[in-house]
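Next up: the same protein chain in two forms, each one alone, written as structure tokens (structure 1, then structure 2).
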Structure 1
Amino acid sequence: MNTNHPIAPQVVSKQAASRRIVEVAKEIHADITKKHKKPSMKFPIRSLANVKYDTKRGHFEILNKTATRTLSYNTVKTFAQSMRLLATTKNDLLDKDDIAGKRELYYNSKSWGECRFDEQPESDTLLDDIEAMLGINREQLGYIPEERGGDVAGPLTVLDIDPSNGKDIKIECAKLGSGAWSIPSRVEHLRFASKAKFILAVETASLFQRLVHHRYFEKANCILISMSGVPTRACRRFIRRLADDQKIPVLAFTDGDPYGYCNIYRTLKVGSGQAAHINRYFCVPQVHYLGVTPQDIIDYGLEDATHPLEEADIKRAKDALKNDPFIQHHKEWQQALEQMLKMGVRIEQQAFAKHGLNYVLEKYLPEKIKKGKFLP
């Protein structure tokens, strides 16, 4: 397994983010007062068609296709909303060191008069546009995710900060009994200490709980992280920061289906097309895929514990083979998807229970980790 670590992306300070917003505002002001033309803003197009898989950086990088929003009769409201959102971000969040959720932003706009948002999807989309235009992820702009980050257990000490007095709070993730520590929505300020050999990111909460219940992290000396499906931005950022800080490899363990491969794992490793403008913060290029692979079905005698591929599975796999730059770059993933399509089945993580409830932690994981042969 390649343990080379990518260069950690630089965190943007609140002061630098505030200055960037001022620069945008000055450009618009200059268009009006000096160039005597209609002001405009350019936004990167956020789609898989506008990204490339950067093999050196290890994630999807956005290309140069942009959309221009010029002030006109038809765009006056959206343009005004953009300016007001930039002002709110600078004045109320960055300059005051405050935070806001997407829902709070939507309701805050009700005081904006004619440029208020009528529905939250409007404000959500515009915030994504502003994030892309500035090239700064919205967590660093002061916007907190609504979703929870994921759960952590194992030999890891996390140093958090008490917001009331600025003092350190020490969390021992191996000493939480039968539970686990929940990743907060903001993780940039966290510090770490660990002697773990690797991080194991697990898709399903039920399998994560089994591993925690039997304290698998002690036997394997690893940090367990529950992704609960496609990992949230906070979860991905946490894994990336932890892996960079501790210089340890990351392994992913998901269901053996196109969603686990092309959505959960692919998003964790290289990011997504829609978020290509900030993938460098949220992807984990050093992660490798442990399982469940189509070959595992054969190697571990799980043929009668599978499910037929559904139409949506087949479509997702074929789309990935045809359009996904990451899949197209790695022959190993092409072969895995083609093998799965040929077999016509998918398999869940829990299928190993066919051989016994703890087979996955007593036999499967130790063998796969010892062999050290993982998909890229």
Structure 2
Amino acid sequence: MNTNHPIAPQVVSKQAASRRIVEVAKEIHADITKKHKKPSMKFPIRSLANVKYDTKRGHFEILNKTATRTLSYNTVKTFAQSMRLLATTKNDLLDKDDIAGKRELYYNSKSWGECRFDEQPESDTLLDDIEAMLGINREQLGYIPEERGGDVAGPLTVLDIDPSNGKDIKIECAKLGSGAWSIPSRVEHLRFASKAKFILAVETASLFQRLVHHRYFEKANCILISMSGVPTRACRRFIRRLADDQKIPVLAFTDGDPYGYCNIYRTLKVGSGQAAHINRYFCVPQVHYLGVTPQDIIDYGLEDATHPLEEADIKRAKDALKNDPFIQHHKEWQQALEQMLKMGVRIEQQAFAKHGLNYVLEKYLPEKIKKGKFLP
């Protein structure tokens, strides 16, 4: 298993973030009142077309294509909203050491009159823009994600801090019975202790439940993490910090379909095209792909437990082959996708139940791990 660990990214302090906002505002102010020219804001373009796969750092790195938002009729509203959002972020969050949810931010804007956001997606998008413009991820600006970070079970001790008294709280992730520990939205302050041999990140909650129920983590001496679809930023950051900190390898187990490969796994490993400006914090370059691969379908005689690829699957696979720098970098992944397209089928994690409910943990996982042949 790969134990080649990437360098941990730098964390920006609140004071530094606050200064950065002031810099941006000063420039705009000077444009208007001194240079008498239309002010503009520069953003890195957030799309797959503006990322490269940085193999040394192991994630999607943003390229220098930028979009300039110059003040005009079309941009005046967003421009005004950006200024008010920056003001709120600096004065109410950073300078006061407070936090806010994305939804709270949306409601907070209701006091801005005509400038308010009509729907939350508007404020979410603008926050993404601001994040990209400042080059600082929103968690560090004080915004906490609303989505759950994922569930953890297995031989891991997490040390959290009690916010009321600053004392340590110790969480034993192997002693939660049939339950699991939820990754919090901010994970920078967590500390870890573990003797596990590897981390297994699973796509579906139901398979995670089966593994926990049969205490698979004991037999395999691994930390189980349920991602529930595309892993959240917190989930990715948590796995990254844990893997870096304890120097343990990571394996991913998803459905065998283009979404599982190109969205869930790819995002976990190298980050997303949309948020490439902050991928360095939210990627797990050391992860490897366990399955389900198209070859597994043949090797485990699961042909009759598959589903035909749908239009969207085919499109997604072809798109990835054509546009995704990560897939383009890895021959193995291209071969896997081609094979899948040729077979014309996809497979779910639960399909192993064909051979018996516990076949997946008794046969499939041990065999694959023993073989140690994973997709990059």
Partner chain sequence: MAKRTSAVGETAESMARRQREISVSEFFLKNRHLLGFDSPRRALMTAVKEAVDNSLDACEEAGILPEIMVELEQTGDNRFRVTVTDNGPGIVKTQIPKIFAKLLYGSKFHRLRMSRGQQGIGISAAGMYGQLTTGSATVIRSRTKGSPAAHQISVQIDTRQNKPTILSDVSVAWTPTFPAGSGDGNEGDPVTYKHGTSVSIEMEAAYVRGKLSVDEFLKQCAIVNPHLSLHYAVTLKKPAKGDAEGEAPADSIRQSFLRAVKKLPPAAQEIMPHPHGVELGMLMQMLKDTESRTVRSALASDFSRISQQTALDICVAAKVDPKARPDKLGPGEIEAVYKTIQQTKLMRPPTDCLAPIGEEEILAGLKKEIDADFYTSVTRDPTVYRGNPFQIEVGMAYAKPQSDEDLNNENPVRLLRFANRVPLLYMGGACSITKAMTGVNWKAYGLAQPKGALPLGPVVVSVHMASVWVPFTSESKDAIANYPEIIQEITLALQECGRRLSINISKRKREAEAERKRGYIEKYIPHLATGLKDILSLPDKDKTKIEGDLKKMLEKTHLEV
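Remember, it's a predicted structure, so these values are computed and weren't measured experimentally. Take the two forms, superpose them, and find the largest set of C-alpha atoms that agree within 1.5 Å; that set is the rigid core. Here, residue number means position along structure 1's sequence, counting from 1.
Here, the chain labelled structure 1 is taken from the form predicted alone. After superposition on the rigid core, the Cα atom of residue 40 is displaced by 2 Å or more between the two structures. If you fit the rigid core between the two structures, you'll see the Cα of residue 361 move by less than 2 angstroms. Comparing the forms between the two structures, the C-alpha position of residue 78 differs by 2 angstroms or more, with the core used for superposition. Core-based alignment between the two structures gives a C-alpha movement of 4.0 Å at residue 30.
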